[in-house]
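Below you'll find only one chain, the form predicted alone, shown as structure tokens.
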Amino acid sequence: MQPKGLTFRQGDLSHPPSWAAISKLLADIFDFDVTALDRMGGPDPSSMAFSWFGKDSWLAANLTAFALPMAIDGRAVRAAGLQSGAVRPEFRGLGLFRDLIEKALTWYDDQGFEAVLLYTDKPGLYEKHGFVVLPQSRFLAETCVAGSAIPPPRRMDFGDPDDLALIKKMLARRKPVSDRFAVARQSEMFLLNTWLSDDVRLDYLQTLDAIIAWRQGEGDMVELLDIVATTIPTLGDIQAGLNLTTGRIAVDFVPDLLACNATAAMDDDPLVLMMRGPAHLRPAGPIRLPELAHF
């Protein structure tokens, strides 16, 4: 298709004007500021943008693909994600978004990705393209073996260049937080989501060589959001390292590596995770991607 007055462009985000145009589109449509990535190393270098531009490089519609390596049921999966999908109101109804999805999925197939994932509150838009909903659960830790006392944590500060460098270094070599369902590498979204969430705490436990992302929930509830480490520590060791005395810990990912007992309950969030790929890659049992991995 070639809508009148529009020009299609495909390319990575290393071109500053393209990144600036996408950033403005997302800010205008969703009031979402992604420019924080500029001070943390820039957008994901694996990204590939599919865009319809109007006059004077005015971005009318966009959809961005990116590599999203996953661990699914103990297997390393060469997966990818879709994000930054938006169409300006004056250009809706022209079939631009459908066209961008088709172009992006053709690119995925040509690149040999095994699966594609996305988040949406309108799953019907994607089911016709082969996507299926992956129901997610919430996890509440019940019991764990208490860890031994370890030195207190060091709070990470994005404004400290040394802290930011350590966070990025550990993200680059992290182990997936779950063998059953987790991202294997997605540094940029972790950085952006943490930056935009002013209640998230990043504590570095030097003895465990682990960064623990967590927040204080309602009442005595503690929310364990993510773990950045080459070896995932037990929940008991995390409790000891953070000096947590509460018995109520909500875990925002599949807790199979935490050496604890946990109950799962279905999540009723209207924002759902969808996947396109062969049926044998769909994860078994309760799953969850942590909010710091959302894209």
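Values in this document were obtained by computation on a predicted structure and should not be read as measured data. Residue numbers here begin at 1 and follow the sequence given.
Form predicted in complex with a small molecule: not shown, discussed below.
The stretch among 212-220, 184-192, 89-97, 157-165 whose residues place heavy atoms within 4.5 Å of the small molecule in the predicted complex is 89-97. Scanning Ile29, Ala36, Ala259, Met266 against the small molecule in the predicted complex with a 4.5 Å heavy atom cut-off leaves one residue, Ile29.
Checked against the small molecule in the predicted complex, the candidates Leu125, Ala71, Leu134, Ile150 yield a single residue with a heavy atom inside 4.5 Å, and that residue is Leu125.
Contact check for Tyr204: every heavy atom lies farther than 4.5 Å from the small molecule in the predicted complex. In the predicted complex, at least one heavy atom of Gly85 sits within 4.5 Å of a heavy atom of the small molecule. Contact between Tyr119 and the small molecule in the predicted complex is found at the 4.5 Å heavy atom cutoff.
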